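For reference, the chain that follows is the form predicted on its own, supplied as structure tokens.
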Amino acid sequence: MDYSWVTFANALLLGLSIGSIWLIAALGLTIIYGTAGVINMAHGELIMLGAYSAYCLQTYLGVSYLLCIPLSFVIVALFGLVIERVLIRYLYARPLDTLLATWGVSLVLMQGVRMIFGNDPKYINMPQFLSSNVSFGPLSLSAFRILIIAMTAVLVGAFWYVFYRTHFGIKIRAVTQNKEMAASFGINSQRIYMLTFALGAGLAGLAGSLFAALSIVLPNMGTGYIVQSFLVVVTGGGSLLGSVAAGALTGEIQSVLAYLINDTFARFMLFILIVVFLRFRPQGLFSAGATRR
């Protein structure tokens, strides 16, 4: 057996899991930006809130980890709903102000969590069966990364169905393309924005509950994830299909470059490739089919 090819195939499999992680982090940001045009700088801190929600549910209430995942979605979605109603709803027509406001929210959330929980790292206990490796012939991948890949596929499929096969999805697309025309048909754009923002925040919370098991939980853990999220969203062009393609592509590129060289240089080269790509195709992999008004 040629072990070099086995190692390379394992790198491709690992790249799929990395792309899935990046896509989960970017999915909520994609939905919020694609619908309302809001660049949510607090997205990383919403991911962090999801991680701390899972930690509190498991540590103080004894909730099993698998149940913490959907509960984190609900908790952070409600938190996002409050943010949208109290602050964001007044700033949709002022994108720069929205950018500054969400950045301020991110700082408040980070410092608030630091005051409550301190700077000490927190840890999530995974079920034993998720800590083992699963073999596919000569290939192997951890059960938890397989869970992430499966959840990513389910989430993408679910949101594709919601956006393109339901009445609610028709309303979202109508408001995105022309909210004045949508209002003439009785669609409440403010309600659509509210629900979409809460949905995107909930996805960030779900992502945080997954990331909490991959690494330690810290008040500033969202900083790195928001960079990756923006890379996926911008490279994909702000659409769901584009984010899926960008997440898979960037994950595979990083994994292959890490296999050939090392992980640090792989991240550096990935950023360079993205900058060069956006220089020649600033609209991303898949440009939007209609202009937001």
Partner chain sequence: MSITRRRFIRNASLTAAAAAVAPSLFLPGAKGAWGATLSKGKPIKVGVLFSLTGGLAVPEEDSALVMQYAIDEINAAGGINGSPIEPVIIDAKSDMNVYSEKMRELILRHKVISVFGCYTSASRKAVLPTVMSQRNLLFYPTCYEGAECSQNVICTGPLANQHSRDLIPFMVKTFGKKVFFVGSNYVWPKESNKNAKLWLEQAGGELLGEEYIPLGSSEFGPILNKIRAAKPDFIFSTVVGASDIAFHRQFKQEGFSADKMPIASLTTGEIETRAMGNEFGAGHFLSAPYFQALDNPTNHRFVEGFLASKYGKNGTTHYNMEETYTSAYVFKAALEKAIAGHGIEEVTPAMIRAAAAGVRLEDSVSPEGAVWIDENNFNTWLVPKIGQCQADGSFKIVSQAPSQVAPDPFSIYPDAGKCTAEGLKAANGSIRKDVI
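In this text the structure is predicted, and so the values were computed from the model without any measurement. Numbering follows the first chain given and starts at 1.
What comes next is about the form predicted in complex with the partner chain, which is not displayed.
Peer 1: Heavy atoms within 4.5 Å of the partner chain in the predicted bound form: which of the stretches 259-267, 45-53, 30-38, 237-245 has them?
Peer 2: Only one stretch qualifies here: 259-267.
Peer 1: Given that the partner is absent here, does Gly169 sit within 4.5 Å of the partner chain in the predicted bound form, heavy atoms only?
Peer 2: Gly169: no contact with the partner chain in the predicted bound form.
Peer 1: Heavy atoms within 4.5 Å of the partner chain in the predicted bound form: does Arg173 have any?
Peer 2: Although the partner chain is absent here, Arg173 would stay clear of it in the predicted bound form, with no heavy atoms inside 4.5 Å.
Peer 1: May I ask you to state whether Phe79 is within 4.5 Å of the partner chain in the predicted bound form, using heavy atom distances?
Peer 2: Flag for Phe79 set to no.
Peer 1: Can Lys122 be called a contact residue for the partner chain in the predicted bound form at 4.5 Å between heavy atoms?
Peer 2: Contact check for Lys122: yes, within 4.5 Å of the partner chain in the predicted bound form.
Peer 1: Between the partner chain and Ala11, Ser215 and Asn220, in the predicted bound form, does every residue show a non-hydrogen atom at 4.5 Å or closer?
Peer 2: Checking in the predicted bound form: Ala11, Ser215 and Asn220 are all within 4.5 Å of the partner chain.
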